[in-house]
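Provided below as structure tokens are two forms of one protein chain, presented individually as structure 1 and structure 2.
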Structure 1
Amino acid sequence: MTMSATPVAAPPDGLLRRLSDVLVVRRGFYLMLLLVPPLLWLGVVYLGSLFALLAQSFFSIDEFSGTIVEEPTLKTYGELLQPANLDIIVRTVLLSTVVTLLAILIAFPIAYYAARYARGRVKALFYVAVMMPLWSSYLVKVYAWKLLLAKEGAVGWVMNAAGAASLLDGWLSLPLVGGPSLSVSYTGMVLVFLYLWTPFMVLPIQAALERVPGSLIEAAGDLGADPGQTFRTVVLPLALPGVVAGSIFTFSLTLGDYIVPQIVGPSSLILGQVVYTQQGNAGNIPLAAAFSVVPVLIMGLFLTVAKRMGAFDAL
């Protein structure tokens, strides 16, 4: 921007001027004026809704009439702690953890290359290459994987063509990760989640890595650290806030998803699906609400730790 001298009219001593003066002098009042609209919106619409949700979780459902009894009770939470429901929670948390860890593994090299080696056009290309899949349609991406993973789909065809069909069959015959086909196995589900969320991991890690001063790395080298030591003791700790920031997204997004497991994956339910079916077909809003308090608590814990590690600045 060039600082050409835009002719600014001599300020009239009008109402605007006086209002402006008040705002400049009384910073607190000015801040308040700025903050009131967004805080009203988020406070009323968003926090209000969260409290409505919390309130619902203390209601219960009348087993005979199927209507909601609007009296505070812990009955619904008792139901939540039944073994079958605890299983769902544990399974979902494990799944989210696995997805997050694998996403770090895939994202780190991309982010590292983009931050440390890519320059000029290559760097711009890398950035766009990560942004495009991040922002392209969620459903389109899930759908693409349905095409790829289906029994007659592309992955199977490629495996056949490469003569690795037996490898795929071997993997599918394994317990837990396997299944009748990729599109109805945990392997397929984890692949889709990874595909969906990995870009969310790349960008914060890259941002954190870019803030590591080159002089620190040179200093480590000058002091006799080999590249591996430099990486472990200098780069990695400084990149950690970025990793944690990225994990907020990958973890939270997996924790609450209910569409991917509906389309790809085994028949056992994960948390999001239960919330969805309980509030929808079953009409049991209190149980759905109690279920959704779980991710709120988990993310609350996660965000507290993340904030301590300075991950918010890496977002």
Structure 2
Amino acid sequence: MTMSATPVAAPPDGLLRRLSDVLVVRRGFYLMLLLVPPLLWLGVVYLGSLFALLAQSFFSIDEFSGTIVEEPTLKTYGELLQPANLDIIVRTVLLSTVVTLLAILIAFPIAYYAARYARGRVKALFYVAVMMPLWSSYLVKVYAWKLLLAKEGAVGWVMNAAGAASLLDGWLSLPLVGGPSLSVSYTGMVLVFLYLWTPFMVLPIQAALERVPGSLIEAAGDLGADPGQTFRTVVLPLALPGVVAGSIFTFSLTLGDYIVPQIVGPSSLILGQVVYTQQGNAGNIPLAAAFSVVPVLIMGLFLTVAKRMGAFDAL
């Protein structure tokens, strides 16, 4: 039995056919069409807005008329060096550092358990549990925490029921970390930041720990290393890229956030609030832009130090 080939009709010679022929012949043109949208987004929308922000920071505001003087000057950056503004910058950096370090301490054991021991459904439940806080509204979570941390909230009720109310009162009486209640203290603000950003720390560390060969840990034990030495010399160095990746997320998100400090925490301002206040209420856009450049410079310094420490080598 013989089979005859069915002739295939040629596609119609229309506009799409001619365009297809051009794309096949001129591959460079085809590649350019693919790259134009992302390059436009990166070059015009992202970098364009960043350079516009940078340009605004070199302008100043006329103190009498309140209008923006569009002449290049370093006067606005000089205002950043005033003690009150330096205090805001230092306070924000310290707050971000504390949140990042606590997030590492909380996230590492969770990530280690998920990477080394969790299997099957337990691992699936781990991912759901870590990702679940990200599925709800940011504002709803912050306001929910404000209610939990209020003087008559759930945290205070639990401490009273456990007979630990004096312990909470003693903590709130401490300078810097305390306040009238958890909802208007730095302790409360740090708790909310930890709840919001810890998932961004757990997942990178867990991904890094997944790549640590179990044979290396077993070999360290066979060679006489105790669990502490194995952790310091094998696990931690190999997990460092994940810790750095999580720290970048946690540190930068805390550094630029202004919603949490508006709702939870003391009345002392941090960077995000100052940018919002200067841009919105005061109308001092050059100073707001100069404050906005500060987190960019801090993150640039942070990434430079991390790179020199070799934290990105295994990424």
Partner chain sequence: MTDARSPLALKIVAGLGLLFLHLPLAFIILYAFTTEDRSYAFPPPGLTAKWFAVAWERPDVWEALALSVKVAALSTAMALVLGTLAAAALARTKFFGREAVSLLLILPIALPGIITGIALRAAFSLADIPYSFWTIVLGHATFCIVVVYNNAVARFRRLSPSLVEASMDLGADGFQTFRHVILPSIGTALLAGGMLAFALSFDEVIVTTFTAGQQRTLPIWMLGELLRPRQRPVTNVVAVVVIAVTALPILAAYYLTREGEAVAGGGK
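Between two forms, the rigid core is defined as the largest C-alpha subset superposing within 1.5 Å. Bear in mind that the values here come from a model prediction, so they are computed numbers and not experimental data. One-based numbering along structure 1's sequence throughout.
The form predicted together with the partner chain is represented by structure 1; structure 2 is the other form.
Once you line up the core between structure 1 and structure 2, the Cα of Ser136 ends up 2 Å or more from where it was. Shown in the overlay between structure 1 and structure 2, fitted on the rigid core, is a CA shift at Leu297 smaller than 2 Å.
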